[in-house]
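In structure tokens, the next block holds one chain alone, the form predicted on its own.
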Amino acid sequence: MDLLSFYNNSGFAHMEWINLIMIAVGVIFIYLAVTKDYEPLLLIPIGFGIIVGNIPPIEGMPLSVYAKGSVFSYLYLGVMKGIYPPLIFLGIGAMTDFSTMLSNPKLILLGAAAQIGVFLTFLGSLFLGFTPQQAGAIGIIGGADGPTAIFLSSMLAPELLGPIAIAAYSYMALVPVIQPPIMYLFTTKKERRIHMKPPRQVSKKEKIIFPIVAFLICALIAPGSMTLLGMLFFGNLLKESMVTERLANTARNSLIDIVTILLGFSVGASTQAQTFLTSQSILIFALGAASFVVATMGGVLFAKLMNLFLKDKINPLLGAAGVSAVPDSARVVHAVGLKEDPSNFLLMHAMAPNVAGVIGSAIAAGVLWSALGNF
């Protein structure tokens, strides 16, 4: 083999400038994860996956996630078939404490209100010419829940899975950047300094009954949410029953870590520039950003509306935690509250709308899947 043949069979010969752009994006993701601590458990696997996915494949060698029979294509099946998201939900359920939500049920409404971003973006996507199925998959980005976005897009619009997944996880990672300006814009200093009453003690019986009853109600309302919420509440039952600690530990530690690695890397590797960098992808990113902003606004403004009728006022900052970026949105709410008043601890209260948002986004996905699956 001469030097020219060697060069022609290397990645250098097939590298295009758009591949270099995507590799730079992967490096930026890793940089943000390492230096800014923006969701490193997500951005590092996704970022390195983007780099791997943009090495030009050699003809006749099955290397990319789209090449039939390649190793990466088998890893990507877990994304395409919607296998990874329910396993992520199992782990989330096993690490989630619903006590604050149960002690103050009205905060559930904030998680529901934040889903307005999903449905307004769905309508906007329809207006811009996307099919109903594509619009439904794009709209769910507003829930700020990567696994839910991947699951719904794999069912409704698999051709858009790459940009939707990257958009959803990008905005999840940028919660500390995107949400605070919106929270300051729609609240006053006095409102941001509202203290919440300590949550009541929730009994063990309530904690065990809740995942069973909540699943039955949610699944009957929106059967399409059964896969995600079934795993979420099953994981929570493993935790709260106190007799399956080994299983709960496995779900919230080893299992969720393994699936996060495979999911993040596979999603990143699917962003081959030739199929990813399109005007449609850019539009999806813009719609996803709008959806996330509207969801945050919806939660904050609904909290202010509730305060018109409540004797014990809610800190409107809690509304921003209604998006289901767990636990980052709750942490951002807590940080903003502390900045206004160092004695105002909102983290536990913010977890109530935050976990309600997880349930809400899964129900929204179930409704969209039920309505659009056979459209």
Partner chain sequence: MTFTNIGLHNLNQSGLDALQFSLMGMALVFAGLLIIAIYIALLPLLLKIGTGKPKQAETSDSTNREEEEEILLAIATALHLHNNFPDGDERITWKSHGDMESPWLVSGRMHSLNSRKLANNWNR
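Everything numeric here is computed off the predicted structure, so don't read it as measured data. Numbering follows the first chain given and starts at 1.
Beyond the structure shown, there is the form predicted in complex with the partner chain, which is absent from this document and is the topic of what follows.
- Between the partner chain and the residues I116, A157, I182, L277, the one pair within 4.5 Å by heavy atoms in the predicted complex involves I116.
- Checked against the partner chain in the predicted complex, the candidates I178, A214, I194, A273 yield a single residue with a heavy atom inside 4.5 Å, and that residue is A214.
- Residue contact with the partner chain in the predicted complex: A289 places no heavy atom within 4.5 Å of it.
- Heavy atoms of T100 reach within 4.5 Å of the partner chain in the predicted complex, making it an interface residue.
- Contact annotation: F122 falls within 4.5 Å of the partner chain in the predicted complex, judged by heavy atom distances.
- Put simply, M297 is far from the partner chain in the predicted complex: not one heavy atom of it is within 4.5 Å.
- If you take 341-355 and check each residue for a heavy atom within 4.5 Å of the partner chain in the predicted complex, you get P342, F345, L347, M348, M351, in sequence order.
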